[in-house]
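Shown next as structure tokens: one chain only, the form predicted on its own.
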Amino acid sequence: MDAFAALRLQVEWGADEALEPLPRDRMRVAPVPERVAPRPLPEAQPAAPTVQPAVQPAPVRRAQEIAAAATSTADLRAALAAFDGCPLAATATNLVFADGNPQAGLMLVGEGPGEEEDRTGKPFVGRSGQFLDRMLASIGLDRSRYLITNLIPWRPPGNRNPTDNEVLICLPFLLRHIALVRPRRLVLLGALAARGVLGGSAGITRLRGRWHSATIPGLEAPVPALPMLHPAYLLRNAGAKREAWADLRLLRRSLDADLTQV
């Protein structure tokens, strides 16, 4: 029988393993191979640090330098008006800087101007701004009792959301504005303002309802900051007004506590 016929016969019989040419004596104890001492490994060298300092894009570095040079809010406004490093300035009608009382000790920060704000050059004068005025009036606050501004001082075309790069360029001006005003309390209206000032990526529904500590460059101590739902969101979601009212009461209690400590 040739090898091919033998292989076919084994397949027909159901053989599915290759057999050795000679039988193996499985009762014989195999000799233990000589143990070879392992070669010592070379001493590990500490890895060189790989963390590189973050390099900011040129427009962001320029914004930081210009904002840091401002020694008053008037200087900061003039610097923003002359700044050409943000593309939003070329499409907006007006720079929307701030409104209210810089000496009040309470500063509100929104996200960005809309159509009415862009037309008038004042923050929160449109429908959501009027609603915010009524909300704050319910706890005894008007614009003589606080300063209000936005993270983005120019209206994005079509009221679109600002890009990450636009936020990074505008943020140094907002932080410098806060440092110059030196408020005792901050209210951050909406997720964009909250993340810009506090950092991180948490949503506004997780941040609201309690005070946070905002570290502001140029200030010796953190500033208490209260994130709140944006009034534009409340106009679209009436069911969230209960949470907004709870935050307003929290703000009022904190302001009252400041008064008792004077």
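Predicted model, so just to flag it, every value in this text is computed and none were measured. Counting begins at 1, following the sequence as shown.
Just so it is clear, the following notes concern the form predicted together with a small molecule, a form of the same protein that is not shown.
Although the partner is absent here, residue 230 sits close enough that one of its heavy atoms falls within 4.5 Å of the small molecule in the model of the complex.
Not displayed here, the small molecule is kept clear of residue 173 by more than 4.5 Å at the level of heavy atoms in the model of the complex. The small molecule in the model of the complex is not approached by residue 100, whose heavy atoms all lie more than 4.5 angstroms from it. Not displayed here, the small molecule is approached by residue 110 to within 4.5 Å at the level of heavy atoms in the model of the complex.
Only one of 176 to 184, 115 to 123, 87 to 95, 134 to 142 places residue heavy atoms within 4.5 angstroms of the small molecule in the model of the complex, namely 115 to 123.
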